[in-house]
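Let's start with one chain on its own, the form predicted alone, as structure tokens.
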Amino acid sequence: MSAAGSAASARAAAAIELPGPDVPDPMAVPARRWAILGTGWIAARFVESLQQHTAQRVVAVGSRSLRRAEEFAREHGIERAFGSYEELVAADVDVVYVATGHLDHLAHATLAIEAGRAVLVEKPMTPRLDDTRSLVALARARGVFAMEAVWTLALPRYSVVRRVLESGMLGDIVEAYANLGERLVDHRRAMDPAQGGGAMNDIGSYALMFANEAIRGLEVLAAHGERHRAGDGGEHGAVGAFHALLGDGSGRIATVSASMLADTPTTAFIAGTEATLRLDGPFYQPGPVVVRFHAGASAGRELRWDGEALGHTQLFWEALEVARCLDAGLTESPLRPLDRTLETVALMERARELMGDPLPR
């Protein structure tokens, strides 16, 4: 290559930049009236996030216990409290956020959809593929908006990831990896298999979601899990950690792991023929995006988008996506279509089968 050609190539390489996020102004998204079904930790963080960062209105909360609903309402300045979920979904609201236990999602989301309420259902939408199919079919038959609450995909960080993938900057994708580990051995519900606890539902769904977003058409090739045996858990304890290998039949692979037995780096990457995109931990929360080139004129160059690590204060982005879709007359979100939810639940179910981790009946 001539000196002039080399200089032009260097200038072209230097001109490459990471795209910024394409997200709405949180205060500009039209407000919807939200009802909160469930009063646990994630419900509280969700309400706080909406109230602090958006114009969305949380107007009602429901619990099986009127006393608990009233306490939650007082704590968060919510107007109405209901002692039954049936009363809650019958209230004058636009959207119901389902934040109860994994095994209760089907029944509670069904209540809301049958009442004609749009639903945002905590992940996993349900842990069972057949139940998730039933919920999706009901929402589609009723023409009611439904979305799985994978807040990760609505974050500005993941808007950058999507735009990088769409640009072709990475070249052909060949591999993806995601790891998530948080020591939760003292969390009674999360470690209780009778309540659907264990590494798969509580945190593994994030890792499998990431792999499925990076490489479509994946199947689980192998999976292995280890049960937590501390105390009186013995062989009946929850599967506290697992690893899974996935492939798409065309040479592309993904490796995922999740652990509630130890803290891990919780990082992720998507590797292509031209460059690798890296998400420092925790990969499923707000944070930076780094792309490093290993081929072409930009080989060795690293680009970075600096998103702040703001944790669960940013749950509001998924609520904005719901409000935006409702304003546009959509019944599914393009960020998390229901078919994509079904794909992830299918991967979770197959991995569970391979590692001998059945859900309670």
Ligand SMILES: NC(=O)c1ccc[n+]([C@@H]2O[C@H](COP(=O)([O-])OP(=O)(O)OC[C@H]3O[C@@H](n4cnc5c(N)ncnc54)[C@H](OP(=O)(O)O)[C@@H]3O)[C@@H](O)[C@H]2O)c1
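Given the structure is predicted, the values throughout are model-derived calculations rather than measurements. When you see a residue number, it is the position in the sequence shown, counting from 1.
Another form, the form predicted together with this ligand, is not on view; read the next lines as being about it.
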Item to check | Proximity to this ligand in the model of the complex, single hit among Y206, F145, F283, Y177 (heavy atom within 4.5 Å) | outcome: Y206
Checklist entry - So which of A60, V29, L315, L335 reaches within 4.5 angstroms of this ligand in the model of the complex, heavy atom to heavy atom? => result L315
Next on the checklist: My question is simply whether R304 lines the interface with this ligand in the model of the complex - judged by any non-hydrogen atom within 4.5 Å.
Outcome noted: no
Checklist entry - Does any heavy atom of T100 come within 4.5 Å of a heavy atom of this ligand in the model of the complex? => result yes
Next on the checklist: Check I42 for me: does it contact this ligand in the model of the complex (non-hydrogen atoms, 4.5 angstroms)?
Outcome noted: yes
Next on the checklist: Can you tell me if D104 lies within 4.5 angstroms of this ligand in the model of the complex, counting non-hydrogen atoms only?
Outcome noted: yes
Checklist entry - Is this ligand in the model of the complex near all of G181, H228 and R352, within 4.5 Å of a heavy atom of each? => result no
Checklist outcome for this item: Answer among 51-59, 307-315, 288-296, 321-329 for heavy atoms within 4.5 Å of this ligand in the model of the complex: the stretch 307-315
Item to check | Stretch 324-350 - residues with a heavy atom within 4.5 Å of this ligand in the model of the complex | outcome: none
